[in-house]
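The chain below stands alone and is given as structure tokens, in the form predicted on its own.
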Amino acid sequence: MSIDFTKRTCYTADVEKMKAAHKLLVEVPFKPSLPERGYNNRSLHIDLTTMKVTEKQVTDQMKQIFIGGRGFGLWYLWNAIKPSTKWNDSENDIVISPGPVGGNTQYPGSGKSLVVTLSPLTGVPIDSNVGGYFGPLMKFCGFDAIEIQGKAKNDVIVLIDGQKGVIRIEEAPLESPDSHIAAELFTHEYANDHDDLRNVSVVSAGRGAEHALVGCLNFSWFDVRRGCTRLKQAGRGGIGSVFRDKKVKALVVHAPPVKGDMNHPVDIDRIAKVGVKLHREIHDNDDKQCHMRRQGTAHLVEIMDAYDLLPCNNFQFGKHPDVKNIESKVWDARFTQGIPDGCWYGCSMQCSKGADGHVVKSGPYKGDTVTVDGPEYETAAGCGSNCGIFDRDWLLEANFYCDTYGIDTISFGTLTAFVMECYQRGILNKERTGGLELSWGNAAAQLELLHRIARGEGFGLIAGQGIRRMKKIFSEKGWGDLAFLNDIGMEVKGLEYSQYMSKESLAQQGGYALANKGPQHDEAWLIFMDMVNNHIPTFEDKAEALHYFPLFRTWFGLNGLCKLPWNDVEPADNAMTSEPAKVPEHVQNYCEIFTAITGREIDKTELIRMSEGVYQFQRVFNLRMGYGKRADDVPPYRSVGPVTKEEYESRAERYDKQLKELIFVDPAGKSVDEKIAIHRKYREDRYQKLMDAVYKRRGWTREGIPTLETLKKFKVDFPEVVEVVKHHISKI
């Protein structure tokens, strides 16, 4: 479609007035620097309670064991909090770190940052991988990480100005916290001129994050072609809720212009060589494979539907006849094409698709014309099919408001689907929801629920607490049976599920429920490998996959990398390799770029070993916070098998066949309830056996506790870590 960008609503008219109302609280000079071999060897600590700004040394031990990104975040958070710390305590830390590879412009997908904090949903550390320019620009000002601790009295912004060499904390009373406005305003306030806009990035969370526990952070970049700021989300676990609890309205970085060698790598030609090869693969193969450059991750919608994996009506069903209304060709036509859509310099994957010219239909911005960043597959499936909604424009509306309010689209979609099923089954009604008719497909009610969450109003205040707390509230009020609510409430560890049906993939059930942070597909997406291709048939095979893939994907989070260029475009001959699921040529590329930047020579074995130390440390961190044992790794039964008659009957032929061929029970003459019970016993037993195999492969006890030998092997046997493990082992 043809877009007239001049018709977009812009929010820059009162920039000078708003900036004039700022009150300077702290101003601290610093010496800007550029990394050497990917590291600045220092980080920045901001205490908003004391208004103290401190630099910390990044030690060689940190670089060797924790690498960067997620690893630095976990280490800093461990040292910032106590076992008794709650998410809204002053000492809770928000850590942002891009990693040593982050910020290079030669290899696609190298602009990511990792955000770590203590999650309000789970009570354990959450990490979230996010694009946008903030992390790399912060790095090019001179810092490998930033920690935000304490709480301000009033709304503040934190500015890192790498052009002027100053860090400022300012009260900012007038700017809206809503991200599409905050990003635009603060970008214009701190850029020197129009050409400098791309050197400013803003981290923000909107009004929804102030009232809900499912808040996200938005990281901005200035889209030169569109002439506006755009957003990527650190979505999971309530990070935005912590951000707004600390009274942070925005983090702003103002960096020098980006150049290709700013990481000061050991061998830039070596990076360029593998980068050119991948650019060529993307150019030649993307249109034949995943169509990322035209559709982003939305290309997955009809693929998941075809394999009965698209969540519909709170993960009850895996396909729907109306999927045609939200499938990839719909988004291909709606996304603006022919405009570079990378969320970092040099990424030819270009998957950050934008839907320009959306006229807002509801809420406080009704009538405004905006660019919507997405939807990604997770949003289309979560806010769409999982809620029975198959309306393209309504999905854009939900996507826009989730982003600007600072609400995680994955959690919002999954919790709304849970609420809708509770409405379907009489657990909720209009009286209990404050007049909302939350029936399947009611898009207007879904949007009104979102607005009420953002306002902290009525039933929205309950829904915004997430599924784990809703289950408890509904049960305590006598509205529903807790056992049934636990079966259909799609969360583990308090984190809502992302949008894949795992009933027929035991490995994916483990990929979700055994993840340290909770059920997020970025740790292990094994459905096709397990269910479709049957490449991991035994418990030991599945355990090996649940060892390798979470560690490989952890490595992206240590270094500031996006996972999409790894396997969403593949070499033409990848299927002929011995391990096509691993895309071995691309694994070697990552070894090459890490070595070329840092000078630390690694191979594919060392790559996994680097991740394992961090992964084991994170498991002990969970234990330290009172979680991280076997009972915390058990999924809701809805993700394992059929809970209700409707689910069983929708796949009766499949389930009856499994009774005969796998469980060796004749289904003839048995009621649906009896058959459900037989399936449940079989499936839950298989999951327990999977846990045993995975724990053994990971070097954990049968209760899921890393052994002292495992900690020593991966050099995370720090005294305080050993103390936690000894304490928990002694109680078995």
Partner chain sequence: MKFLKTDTSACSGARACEKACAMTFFKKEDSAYSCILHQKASGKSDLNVCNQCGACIEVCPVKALSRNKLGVVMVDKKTCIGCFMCVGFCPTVSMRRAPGSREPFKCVSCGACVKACPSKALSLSEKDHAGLPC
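Residue numbers count along the first chain shown, from 1. Remember, it's a predicted structure, so these values are computed and weren't measured experimentally.
The form predicted in complex with the partner chain exists for this protein as well; it is not shown, and the discussion that follows is about that form.
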So which stretch, 609-617, 165-173, 348-356, 648-656, is the one near the partner chain in the predicted bound form (non-hydrogen atoms, 4.5 Å)? 348-356
Heavy atom within 4.5 Å of the partner chain in the predicted bound form - residue from R225, K604, K361, H451: R225
Option touching the partner chain, based on a heavy atom within 4.5 Å in the predicted bound form, out of R469, H279, H254, R334: H279
Whether Q465 contacts the partner chain in the predicted bound form should be assessed with a 4.5 Å heavy atom distance threshold; does it? no
So in the predicted bound form, is the partner chain close enough to I268 to count as touching (4.5 Å, heavy atoms)? yes
Report yes if any heavy atom of A272 sits within 4.5 Å of a heavy atom of the partner chain in the predicted bound form; otherwise report no. yes
Should P340 be classed as touching the partner chain in the predicted bound form when contacts are defined as heavy atoms within 4.5 Å? yes
Does any residue in 235-274 get within 4.5 Å of the partner chain in the predicted bound form, counting heavy atoms only, and if so which ones? V258, K259, G260, D261, I268, D269, A272
